[in-house]
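First, one chain by itself in structure tokens, the form predicted on its own.
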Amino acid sequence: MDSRYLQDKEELKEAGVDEERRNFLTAGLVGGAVAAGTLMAGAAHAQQIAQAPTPVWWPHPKWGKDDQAGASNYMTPAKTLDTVKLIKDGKVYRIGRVYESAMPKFGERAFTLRIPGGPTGGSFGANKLIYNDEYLSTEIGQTGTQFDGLAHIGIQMGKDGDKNEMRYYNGVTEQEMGSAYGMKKLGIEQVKPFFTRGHLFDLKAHKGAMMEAGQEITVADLRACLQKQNMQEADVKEGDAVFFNTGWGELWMKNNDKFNGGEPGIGMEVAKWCIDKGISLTGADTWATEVVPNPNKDLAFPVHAELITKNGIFNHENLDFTTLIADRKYQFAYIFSPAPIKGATGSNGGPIAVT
């Protein structure tokens, strides 16, 4: 199994990318689903990967070949008790966005809500009860505030169309997982609820202004934020979640075109830092958490591939840290239970921070 390697560079550039997405990539708006090779030194361009073969990443060294829960395995009773120590004033912060049709959405994704009837049903009984239901048509785990599951991102390791060589977390293939009626493996129902320590890095405050599309967050930036926020790097423990406020979220519902057109975010250097720390989840006020476009234009979402596919580390996108930052709360209990929709690739929902 260790002899399997990714194909040559030109084949990688086309791996698993349909015509519409190829056009999107050509426009320079995204950077990709394949991370090939070893990390290069240098903060500004650490995510530019050497064009060396990449070995397989399964079975998972910590959780074994049959695991489908990824880094949510860090959620243990001991982790909960450790996290509770952060709660001092009992204040609850909503850190998710409101779901509505006008919100920024990636590509051709949709969010359409209808109330059938008016009211939907009734009246019933002598008390004349009536009720309303809603009908929602959307990519429920991939619009608005969205939590990426382990079936969301994979890497094509063989020829186009070979589902036996389209690999996801723990080596699961598209052939054994894929189904038109929900994923048969790695569905979001396999993910354990999160109750863990959250650490917020306010990059906007560190930089003095909103970061711009294509601007990479470095480990040096993180350490500067820690110092500014009177935090220690040792505070970030195994199983914790880390979040990045870039200021990009200020464009939400104000300039959706710019918001969707790229973003600041983390690169492979910070991804490696997260892996070394044993982080369970990353998140940001952006739609991908990682820098877009990637400085290496040949790559599409390499951080997604490195964290989700290869390491089982989850990603929470389009978060809102406004009230936390207003209260200067940079460490908190992060609480989120993904909607257990069997076979889904992600989750919507309302994450909270408790201080």
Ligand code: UVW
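So that there is no doubt, residue numbering starts at 1 and follows the sequence shown. As the structure is a computational prediction, the values presented were derived from the model and not from experiment.
Quick note: we don't show the form predicted in complex with acetylphosphate, though the next part is all about it.
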{"item": "Which of 197-205, 69-77, 245-253, 148-156 sits within 4.5 Å of acetylphosphate in the predicted complex, heavy atom basis", "value": "148-156"}
{"item": "Three-residue site H60, W63 and K272 fully in contact with acetylphosphate in the predicted complex at 4.5 Å by heavy atom", "value": "no"}
{"item": "Position in contact with acetylphosphate when the complex is considered in the predicted complex, options F321, Y330, F314, W287, heavy atoms within 4.5 Å", "value": "W287"}
{"item": "Contact residue in the predicted complex, chosen from Q142, N170, T282, T83 - any heavy atom within 4.5 Å of acetylphosphate", "value": "Q142"}
{"item": "Acetylphosphate contact in the predicted complex: K310, any heavy atom under 4.5 Å", "value": "no"}
{"item": "Acetylphosphate contact at R109 in the predicted complex, heavy atom, 4.5 Å", "value": "yes"}
{"item": "Residues in 227-242 close to acetylphosphate in the predicted complex, defined by a heavy atom within 4.5 Å, in order", "value": "none"}
